[in-house]
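Here we start with a single chain on its own, the form predicted on its own, put down as C-alpha cells.
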Amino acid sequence: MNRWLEYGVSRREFLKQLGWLGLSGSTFFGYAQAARQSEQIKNASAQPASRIVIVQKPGVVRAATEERYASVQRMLDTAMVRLTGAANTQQAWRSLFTSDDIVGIKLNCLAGKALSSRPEVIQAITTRLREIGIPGRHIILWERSNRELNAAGYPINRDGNDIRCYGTDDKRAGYGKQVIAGSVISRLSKIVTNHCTALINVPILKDHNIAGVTASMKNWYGAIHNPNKYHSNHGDPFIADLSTIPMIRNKMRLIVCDALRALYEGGPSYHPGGVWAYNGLLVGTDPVALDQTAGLIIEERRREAGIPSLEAAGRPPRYIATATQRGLGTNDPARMEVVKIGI
C-alpha cells in the first residue's frame, strides 16, 4: 500500500510539496558558519526571545484531508507572523532562515503513526521553507532510526533533488565524536553536526513517565547515541545539559510543537487512554518557555481528567527550571509572552 495514502494524501502529492535533500557538499558547512548565520539571524529578528504562540482550530484533527492540510498551514502561518512580528509569512520565515541554509527537521516518531509528528505539520513547514528559496534538496527530515521513520509513515529517501528523509542509523549518517555538556557525555548525530546548518524541532506535546513532560528539549534525546543513560532523577539535569551542546543550541532556529493530538498520561509511548485532541500548535524559539507552556497545558488537562498533578504522580519536570539556570531560556511567567489564537 502507498504509505502516504494511509494519511489520506498520495505520496506523489506529498513529495511534490516536500522534495528530498541531496547531501552533496553539505559536510563543508561547519560549526563556525552555522553559528555565524544563527547569530546574524537572531540579531536581525525583532521577536522577543520568550514569546510562545499557541494556535488552535477546533475539530481540525477530525477534518477531511484537504481541509485539515489547509487548516494546519493557516495555523502555522498565523503563528509565525505573530511570533516574529513580521508583516507577512515570507518575511516571518526569512527572519529565521536564509536561502543558503540546509535545514534539518527533527521529528518525533517514537509512538508510531498514532502519535508522531504529523505529515500535515511537516508539509506546512517545508512549503514555506521552499517559498523563501531553500531548495528541496536542502531539507532533511530525520529521526533516531530508519525504523522509527518507517513506522510513523515516512519513507526513507537518500538521493535526488527532493526532500531527504533518513535516520541517524542510516548509512548516510551515523554518530560523530564524543562531546561533553555538563552531565552529558555522548556522541551526536552527524545529521546535526555535518549535514545541516539550521534545525527545526518538531516534537509532540506529551506526558512522560519519567521526566513529566516531553516536548522540545527532550526531543534531542533522539540525537544522541546513548539516551538510555540519562533518565535518572526525572531527566534532570541531563535534558537541560543536552540542549546546551553548541551544535544543537546554535543551529536550533525554530520549534513547532505538534499538539494536534496530545498525551496527558501514559507517555511517551502511545497510550490511547491518555490522548486528547488539543487541535493546536505551539510555536516559539525559546525551548524553556515552550516546555514550561507545554507542561501547564498537560497539567490543566490532568486536572480536567481528575488525575494527580505531575508532582503528585512523582514525575515533576524539574529539568525545565534547570534549563533556565543553564541560560537556555526562561520559565518565568513575568518574562514570557504566551499568545493564544483561535482560528
Partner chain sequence: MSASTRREFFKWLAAGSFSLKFAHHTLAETSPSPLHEAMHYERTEGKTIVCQLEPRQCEVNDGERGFCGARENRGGTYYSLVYAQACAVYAERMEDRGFYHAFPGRQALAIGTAGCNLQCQYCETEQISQSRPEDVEAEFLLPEQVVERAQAENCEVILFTYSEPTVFFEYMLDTARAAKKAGLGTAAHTAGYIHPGPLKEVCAYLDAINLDLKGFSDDFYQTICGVWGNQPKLEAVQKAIVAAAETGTHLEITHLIVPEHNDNPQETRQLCEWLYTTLGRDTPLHLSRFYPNYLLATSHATPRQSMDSARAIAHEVGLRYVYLQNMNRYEDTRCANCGDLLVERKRAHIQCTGIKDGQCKQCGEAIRGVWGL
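Predicted model only: the values in this text are computed from it and were never measured. Positions refer to the first chain, counted from 1.
As for the form predicted together with the partner chain, it is not shown, yet the points below apply to it.
- The candidate spot formed by 99, 194 and 277 lies out of contact with the partner chain in the predicted bound form, as no residue has a heavy atom within 4.5 Å of it.
- Screening 82, 249, 94, 113 for any heavy atom within 4.5 Å of the partner chain in the predicted bound form leaves a single hit, 113.
- Interface residue among 163, 103, 256, 262, judged by heavy atoms within 4.5 Å of the partner chain in the predicted bound form: 163.
- This chain is displayed without the partner chain, yet in the predicted bound form the stretch 64-72 from 64-72, 51-59, 290-298, 277-285 comes within 4.5 Å of it by heavy atoms.
- Contact between residue 151 and the partner chain in the predicted bound form is found at the 4.5 Å heavy atom cutoff.
- In the predicted bound form, at least one heavy atom of residue 123 sits within 4.5 Å of a heavy atom of the partner chain.
- In the predicted bound form, the partner chain sits within 4.5 Å of a heavy atom belonging to residue 238.
- Not displayed here, the partner chain is approached by residue 141 to within 4.5 Å at the level of heavy atoms in the predicted bound form.
- Residues from 129-143 that approach the partner chain in the predicted bound form with a non-hydrogen atom closer than or equal to 4.5 Å are 130, 135, 141, in the order they occur in the chain.
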